[in-house]
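Below you will find one chain, with nothing else, as structure tokens; this is the form predicted alone, and questions on how it binds or moves follow later.
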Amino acid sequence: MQTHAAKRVEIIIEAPMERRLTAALEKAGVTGYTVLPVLGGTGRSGTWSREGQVGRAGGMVAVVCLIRAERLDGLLDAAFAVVERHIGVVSVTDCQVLRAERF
């Protein structure tokens, strides 16, 4: 089966910023993404967990996008405009996709 090169962008951000981030991505022309809950982790600010939290305010989400390499800069500019003032991490990895026309 033939595969095609793409970029996988994962953005971890505070849950209350999810809508602002996805709106910025859509404005930048990103046509697809997946939002996942993040259950906990550890980093520069220490260990944290969603355990015992009633609302979304203290939680994090992961927004995952698969895109063509030529669209990466626009996505990163849009994402960074939101993430730079908040807790968040952006990572980019090379990946292979099967139906290139969908990205």
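When you see a residue number, it is the position in the sequence shown, counting from 1. Computed from a predicted model, the values in this text were never measured in an experiment.
Another form exists, predicted in complex with a further copy of the same chain; not displayed. Remarks below refer to it.
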ask   = I12 near a further copy of the same chain in the predicted complex, any heavy atom under 4.5 Å?
value = yes
ask   = Taking heavy atoms and a 4.5 Å cut-off, does A28 contact a further copy of the same chain in the predicted complex?
value = no
inquiry  = When the contact criterion is heavy atoms within 4.5 Å, does A69 count as touching a further copy of the same chain in the predicted complex?
reply    = no
query = Going by a heavy atom distance of 4.5 Å, is A24 a contact of a further copy of the same chain in the predicted complex?
reply = no
inquiry  = Given a 4.5 Å distance limit between heavy atoms, list every residue of 75 to 103 close to a further copy of the same chain in the predicted complex, or none if there are none.
reply    = L76, D77, F80, V83, E84, H86, I87, G88, V89, V90, S91, V92, T93, D94, C95, Q96, V97, L98, R99, R102, F103
